[in-house]
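Next up is one chain by itself, shown in structure tokens, the form predicted on its own.
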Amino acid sequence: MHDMSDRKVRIAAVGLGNRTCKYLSYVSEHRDMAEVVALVDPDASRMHGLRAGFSLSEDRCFSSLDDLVASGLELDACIIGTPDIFHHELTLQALHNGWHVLLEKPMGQTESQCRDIVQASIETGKIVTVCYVLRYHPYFNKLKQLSEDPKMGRILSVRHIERVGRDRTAHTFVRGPWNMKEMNTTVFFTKCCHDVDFVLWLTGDDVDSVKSYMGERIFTEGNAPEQAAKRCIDCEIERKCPYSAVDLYLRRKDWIKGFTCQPGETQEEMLTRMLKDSRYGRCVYDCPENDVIDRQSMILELKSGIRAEIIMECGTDEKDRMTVIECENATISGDESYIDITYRNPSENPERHDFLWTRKQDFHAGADLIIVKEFIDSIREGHLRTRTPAQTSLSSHILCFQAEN
């Protein structure tokens, strides 16, 4: 492989949403290692701050990947953080143009699309690193390390619960563009494909059978309170509603990073406009295109004898993951704040590992930044090895598709 350690990795950012901006934070702080040479997004307002931050001229800002390719600009890699429906097409285009790809999950929307990307990565010799953050997170790495400790004995079963918090559910999967019909994939696939990957990382991927069970839908017209209005800003019971868009965006100022002000518009004016006119101001029970389920579970039976269950629960008060790993000699359980170990032998004292400190850190306790560092290092050093290449990430994608059938 070619050693690039003598120069910076030239990167284009494609799709300038929240996730891409987080990954670019690493590049911004390590300009001796990499440089952003182009921005791609159809929304020019998204480019303004990033363009200034990376000192890019207008001719380095493009409304489409086609325009970037046509410019002839030389690149080594790109970060793709567009809406999911474009991941497959843009990743193939980038690979065949000779670029490595850091790709936000999921890879594609069908099994064949995901296999296309793996095949193209192999054929072009370019790496596709899928942003499966759990493999880079200190808490989940500790769970993996403990599960491999001979003292625990072999794994018998795993139960892993992803609790999708109320705010994320309403913003992303009910009002937002990931509300299944529009995205052509399930919430479980979009949100939990990397949870499935984490479980496979613990157990191995010798899956013998897959079963899936889906719960009822909460967010339907029939479940709306009698006095509910079509928009939260017009609703007389809005202050009592746990899904109030007025409370989420205007009062608490949460989940607003993806909203942009028009020229001369204050933030308050912009948020009021969003509540009045955009999809994000709607009552959660009056989003007719939405068909989000509130709960799904996947049960995996492995040839090794391990049984694994991955559960997604939407609209919960909590917004964390819970994992219970039953081993021959101990039970390992964690809730993203603590990991507790209880031994079968009563003479063994229980253990607790404190991970509250990760709650106070940005970027998923630094995991977002480690993904980018590993990706850039793999290109500079020429070995093209990361923890979550497309080839490794394929198994979890396929299992999610099987769970839909």
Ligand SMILES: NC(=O)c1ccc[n+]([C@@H]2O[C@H](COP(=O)([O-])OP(=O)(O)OC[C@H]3O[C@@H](n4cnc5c(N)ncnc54)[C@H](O)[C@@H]3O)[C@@H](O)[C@H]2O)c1
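Here, rigid core means the biggest group of C-alpha atoms that superpose within 1.5 Å across both forms. Numbers for residues come from their place in the sequence shown, where the first is 1. Predicted model only: the values in this text are computed from it and were never measured.
The following text describes the form predicted in complex with this ligand, which does not appear among the structures shown.
Taking the partner from elsewhere, Arg10 is found to have every heavy atom lying beyond 4.5 Å of this ligand in the predicted complex.
This ligand is not drawn, but in the predicted complex it has no heavy atom within 4.5 Å of Leu102. Residue contact with this ligand in the predicted complex: His87 places a heavy atom within 4.5 Å of it. This ligand is not shown here, but in the predicted complex it comes within 4.5 Å of a heavy atom of Asp41. Checking Ser333, Thr203, Asn290, Thr82 against this ligand in the predicted complex, a heavy atom within 4.5 Å turns up for just one residue: Thr82. Residue in contact with this ligand in the predicted complex (any heavy atom within 4.5 Å), chosen from Ala94, Met312, Val199, Cys131: Cys131. Taken together, the three residues Lys144, Leu300 and His397 all stay farther than 4.5 Å from this ligand in the predicted complex, as judged by their closest heavy atom. Checking 67-75, 231-239, 292-300, 131-139 against this ligand in the predicted complex, the stretch whose residues place heavy atoms within 4.5 Å of it is 131-139. With the core superposed, Lys105 shows a C-alpha displacement below 2 Å between this form and the one not shown.
In the core-superposed comparison between this form and the one not shown, the C-alpha atom of Pro177 has shifted by at least 2 angstroms.
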